[in-house]
Every structure is written in C-alpha cells, then in structure tokens.
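This document opens with one chain alone, in structure tokens, the form predicted alone.
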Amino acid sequence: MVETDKPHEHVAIERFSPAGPLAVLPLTDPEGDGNDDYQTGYRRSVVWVCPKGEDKYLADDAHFLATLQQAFGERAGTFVAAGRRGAYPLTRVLADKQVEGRCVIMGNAAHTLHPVAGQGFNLCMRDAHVLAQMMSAQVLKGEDIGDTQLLKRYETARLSDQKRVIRFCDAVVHGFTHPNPAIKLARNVALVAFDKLPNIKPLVANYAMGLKS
C-alpha cells in the first residue's frame, strides 16, 4: 500500500516496461465504506513486476518511494508514504488435473497466472460460478453433488476458457517484454488502436469476461 498527494478518484493506472507491468490501483479510505459516489481516497495498492532479486533493494521506504516515482512518473501524483510490502515469485502453475474422486481444485490452486492482464480473479470467479450452477441443478434433481461424473463434466467444461485466458495472458506478457523491434511496433500500434477506436475496448472486455460478443 502507498499514499499519494493526489486523489485516485477510483481510477487504476498501469504502466509497462521491459521488466513487466507496474500497476497502481485505488483503495478505499479506512473510514469509508467504499460505496460513496465519490470518495477522494489517497491510498493505492501497487503491483510491481521486477527482475528476480531486485525486490531486496526496495526494502527501505525512502528508496522504494523514489524508485517507484521514477518508474511510474507523475500521473498518480507524488508518492508520499509506503506500507508493508511483500515479494512473490511469478511462476505459472497449471494443475495436471482438477478433479480426483469427490475433490475439486479450482481458482489459483488450479491455474496461477501472470497478473499483467488481471485475469486470474475473473477466471476464478467463472470456475466457481460454473460449479455452483452444476451443483444447484444436481440438488434440484435430488442427486449427489459430489458425483465424480458431474465433477468431471465441470472440469471438461472449464478447460476451454482456462486455456484461452492463459494464452491471452502469455501473449500480453510476451508482447511487452520481447526485444524484437517489429513486435514493439505492433504492440504500440495496438495500444493506440485500443485507446482511440471506440469499439475495441468492449470487445477486449467481453473477451476477458469469457463472453462471445
């Protein structure tokens, strides 16, 4: 958690560098309930991808804030305070199987993704939603919600969406870290198109949500 001298106005900002993404995300004020139409919060969460081992140099608050300011720029204002930080290795984890007998693993236990596109949570929610629907139908029929065949059908039903999102996240990471000038040019053109063309953002949002259109 960090604090800035400029209110976030509930806007998330993400910057990209050769090392990876740097995201500054709005947090609600401790005394607020988060449901106000406009809450002038100054607290933000930071997700910062850095090379292995570099995080140890950011343990000091003053050095962390200065390095963060240099990397992120002035868009969020001045970073004036920093809270406790943690470092986690970015390792893609994909389970060989998600169902065994009456046991199901789902969400991050089944697929841990790079945070670049923020799709891990969305994918977890879709896993839970599909399983809940299938179990509800099973209850209405008066049948066992832990039936192995039901759980296997859940696993099969989710694989396509999971693989699609994994490919999408991998492509985004590759596009923002690859040194090839042609790929850099294509990436920059795509970002401009994403920002300027009115129909692109809904298409990308629907794709990220697992919708067909």
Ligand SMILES: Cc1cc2nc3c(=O)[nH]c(=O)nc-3n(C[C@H](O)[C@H](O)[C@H](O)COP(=O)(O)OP(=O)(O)OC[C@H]3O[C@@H](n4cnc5c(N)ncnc54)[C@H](O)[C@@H]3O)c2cc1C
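Everything quoted here is computed from the prediction, not taken from an experiment. We number the residues from 1 along the sequence you see.
Although not depicted, the form predicted in complex with the named molecule is the subject of the following passage.
Trainee: Would residue 145 show up as a contact with the named molecule in the model of the complex if we use heavy atoms at 4.5 Å?
Mentor: No, residue 145 stays farther than 4.5 Å from the named molecule in the model of the complex.
Trainee: Using heavy atoms and a 4.5 Å limit, would one call residue 124 a contact residue for the named molecule in the model of the complex?
Mentor: Taking the distances in the model of the complex, the answer for residue 124 is yes, it comes within 4.5 Å of the named molecule.
Trainee: Could you confirm whether residue 108 comes within 4.5 Å of the named molecule in the model of the complex, counting heavy atoms only?
Mentor: Judged by the heavy-atom cut-off of 4.5 Å, residue 108 is in contact with the named molecule in the model of the complex.
Trainee: So in the model of the complex, does any heavy atom of residue 186 sit within 4.5 Å of the named molecule?
Mentor: No, residue 186 stays farther than 4.5 Å from the named molecule in the model of the complex.
Trainee: Counting only non-hydrogen atoms, which stretch in 95-103, 72-80, 108-116, 135-143 is within 4.5 Å of the named molecule in the model of the complex?
Mentor: Result for this chain: 108-116.
Trainee: Counting non-hydrogen atoms within 4.5 angstroms of the named molecule in the model of the complex, say which of 171, 157, 47, 66 makes the cut.
Mentor: Of the candidates 171, 157, 47, 66, 47 is the one lying within 4.5 Å of the named molecule in the model of the complex.
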